[in-house]
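As a starting point, one isolated chain is supplied in structure tokens, in the form predicted on its own.
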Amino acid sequence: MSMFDGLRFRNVSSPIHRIDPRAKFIYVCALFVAAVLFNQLIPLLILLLIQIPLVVMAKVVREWLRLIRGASFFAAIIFIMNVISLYFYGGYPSLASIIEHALAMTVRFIVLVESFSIFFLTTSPDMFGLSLEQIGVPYEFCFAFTTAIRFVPVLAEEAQTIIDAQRSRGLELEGGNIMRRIRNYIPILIPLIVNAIRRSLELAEAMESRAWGASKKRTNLYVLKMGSRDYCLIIVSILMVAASVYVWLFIKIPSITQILWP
């Protein structure tokens, strides 16, 4: 459950936390576009490394490392599946090129996870919902989105609590074959689903008791205003997308195997 814990907002005083959520969201989208454009290892490693200073500035290194450790299992699956598929169907000339391309796909996954981790660790769900509302998104969609963001870490904590409780009663999760392991998780999924339904009913009753949706014209306590720091991040994001598109169209990026063994 450490992967979900690495996506929870941390209320820390840092320059990254003070950036407007809209500017950070544009940066994440720009990084997503840049990561999808390239399938070479060198530019993807550059995209991975340029985010590390942001993690240090945001003071969320421990949470970020916890997320990367939680995502390592999925990264290993991506690497293994790419190696197997490229070996039989890719048509690559050598095993080194196959491994490099598989590593590139793995690093792309880590880049995407890393960028969204920085966004969610440094952006309050309330402020992000407020920013969506100020750009014209209907409040119902903003409320549903922010509620889903809040519920994911809560459900992850409940799942861990249920796992610990069932293990204390003698439930074995690691033993046996794959089918037996899947059946062992049934005593965990059923209480988790019941708790999720119970929480949703409590939330619906709380919303109804507060006359949610009775007034069409809403007011907010805070009004987000973008400053020079926010506009600088937006400009950097646009330039990053433009540079990525230019490199993707007009510059041939060599692979590491071509550099080492020309």
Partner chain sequence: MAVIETSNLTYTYPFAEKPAFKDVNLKIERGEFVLLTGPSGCGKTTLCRCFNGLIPHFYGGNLEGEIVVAGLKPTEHPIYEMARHVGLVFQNPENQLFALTVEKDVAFGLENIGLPRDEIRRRVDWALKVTGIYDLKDRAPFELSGGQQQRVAIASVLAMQPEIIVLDEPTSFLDPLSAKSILEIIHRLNRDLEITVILVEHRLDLAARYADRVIIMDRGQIILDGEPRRVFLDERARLIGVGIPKVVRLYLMLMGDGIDLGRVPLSPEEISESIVEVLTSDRS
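Here the structure is a predicted model, which means the values were calculated and not measured. Residue numbers count along the first chain shown, from 1. Whichever C-alpha set is largest while still superposing within 1.5 Å between the two forms counts as the rigid core.
The next section is about a form of this same protein that is not shown, the form predicted in complex with its partner chain.
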For the interface check, one of 143 to 151, 108 to 116, 94 to 102, 71 to 79 should have non-hydrogen atoms within 4.5 Å of its partner chain in the predicted bound form; which one?
143 to 151
Answer for Asn39 alone: is it within 4.5 Å of its partner chain in the predicted bound form, judged on heavy atom distances?
no
Might Tyr231 be said to contact its partner chain in the predicted bound form, defining contact as any heavy atom within 4.5 Å?
no
Is Ile52 close enough to its partner chain in the predicted bound form to count, meaning some heavy atom within 4.5 Å?
no
Classify Ala206 as contacting or not contacting its partner chain in the predicted bound form by the rule of any non-hydrogen atom within 4.5 angstroms, answering yes or no.
yes
In the predicted bound form: members of 123 to 138 within 4.5 Å of its partner chain, any heavy atom:
Pro125, Asp126
When you overlay the rigid core, is the Cα of Ser124 off by 2 Å or more between the shown form and the other one?
no
Is Arg69 displaced by at least 2 Å at its C-alpha between the shown form and the other one when the rigid core is overlaid?
no
